[in-house]
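Starting off, we have a lone chain in the form predicted on its own, written out as structure tokens.
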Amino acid sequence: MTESIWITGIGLVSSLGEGPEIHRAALAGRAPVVDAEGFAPYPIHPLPPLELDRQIPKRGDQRQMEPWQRLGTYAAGLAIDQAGARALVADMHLLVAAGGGERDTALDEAVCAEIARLPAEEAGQRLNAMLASGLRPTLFLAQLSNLLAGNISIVHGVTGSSRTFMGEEAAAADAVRIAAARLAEGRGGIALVGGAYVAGRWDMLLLYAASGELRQGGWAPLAERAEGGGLVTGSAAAFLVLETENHARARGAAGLARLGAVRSGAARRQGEDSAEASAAALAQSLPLRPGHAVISGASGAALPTAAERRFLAGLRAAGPAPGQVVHSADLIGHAVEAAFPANLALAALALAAGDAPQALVTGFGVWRGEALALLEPVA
């Protein structure tokens, strides 16, 4: 026997701000927040101002975290508070999607300038010497991906089992999928799952720029961006409290949405049809109803965005027609590890407002990874 899984708490922070109300308003058409100058020529959706003291004590906890860790720890606290689950953190499982820590860009620039003028046979030796003397132990430790989970455990007292997943968008989808599966199988009653990403990082922007995927110049809605070079990253953190229905009912918790099927895949990106075929296979036997909302994870990157467009066209042709299609990248940007849980949060908000009978959440990673999740209202 498998347990039904509810979302009972949402902690969502984006460039728009924090909390359900501001993001529910975004679903109704609020304009995005864009910084087109700070990292020109690449526009981003920036971090909002936050009162970190509301969730993270000042006594050293804030200073030893990188910005993405502070953002994730803050959002995790919001989710726990909305679920009314502060008394349950000792038994709460924790599953986090995280990338690597922030690089020391000043050291990177110094290394590049130094080795550029050296012959090839000397460059490697000089690189090793500069890294050995330039990287601080504290910087190295801050780059450990599982420190986000560690900080959540320390700050909020979440001390159930802990898992950290790496692998961009696919990591977040698998974190949610595995969290839901563990609860459904009876291996716990409550879990906290999510991720965080800060867009204002030159190291990540240059990584995406090298592939030619980043949009340059002014922001435009996803539908108006030319093929290729359409990615605008967004600063966001999203955490969800998942509970079995029996666990939530026993403590009188309200369900925001019922989390149904969560499916993930990783097609070889030999063309947009491979990602489309992967998503189509994941969608088989999903009990979709007419008018279901779609919270689209299309990022603006050329191949996955085209693949998702074809996938949705195939859904319309083969099954119940969807209602509203919302591109989260238009609202909050593409938040990489935080994108899939953020889209689940937006879907849950849409269902709680009575905007649709169901919500299908899609995920198409920039490099690799397809995912789908089906949410339904709590009866």
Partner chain sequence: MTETAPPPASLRDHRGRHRVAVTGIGLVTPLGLGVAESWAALLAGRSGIRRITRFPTAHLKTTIAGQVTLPEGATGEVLTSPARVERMAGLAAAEAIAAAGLAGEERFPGPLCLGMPPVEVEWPHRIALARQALDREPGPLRYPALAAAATGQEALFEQCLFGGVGERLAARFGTTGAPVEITTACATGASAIQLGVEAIQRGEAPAALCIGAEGSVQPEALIRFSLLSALSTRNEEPERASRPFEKNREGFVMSEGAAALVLESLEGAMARGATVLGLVLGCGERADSFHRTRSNPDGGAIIGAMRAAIADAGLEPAAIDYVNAHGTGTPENDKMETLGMRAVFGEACPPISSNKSMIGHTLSAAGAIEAVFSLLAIRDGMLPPTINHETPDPAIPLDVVPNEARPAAVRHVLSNSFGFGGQNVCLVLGAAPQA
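None of the values given here were measured: they were computed from a predicted structure. Numbering follows the first chain given and starts at 1. Basically, rigid core = biggest C-alpha set you can superpose within 1.5 Å across the two forms.
Omitted here: the form predicted together with the partner chain. The next part is about that form.
- The closest non-hydrogen atom of R177 lies within 4.5 Å of the partner chain in the predicted complex.
- The closest non-hydrogen atom of T164 lies within 4.5 Å of the partner chain in the predicted complex.
- Interface membership of M65, defined by any non-hydrogen atom within 4.5 Å of the partner chain in the predicted complex, is confirmed.
- Put simply, Y208 is close to the partner chain in the predicted complex: some heavy atom of it is within 4.5 Å.
- Of the candidate stretches 247 to 255, 74 to 82, 232 to 240, 177 to 185, only 177 to 185 has residues with heavy atoms within 4.5 Å of the partner chain in the predicted complex.
- Across the proposed site, P320, A352 and G354 without exception lack any heavy atom within 4.5 Å of the partner chain in the predicted complex.
- Checked against the partner chain in the predicted complex, the residues G217, G271, P290, G212 give one hit for a heavy atom within 4.5 Å, which is G212.
- Contact residues in stretch 351 to 379 (any heavy atom within 4.5 Å of the partner chain, taken in the predicted complex) are V366, W367, R368.
- In a rigid-core overlay of the protein, G252 has its C-alpha displaced by under 2 Å between this form and the one not shown.
- After superposition on the rigid core, the Cα of M130 moves by 2 Å or more between this form and the one not shown.
- For P119, the Cα coordinates differ by 2 angstroms or more between this form and the one not shown after the core has been superposed.
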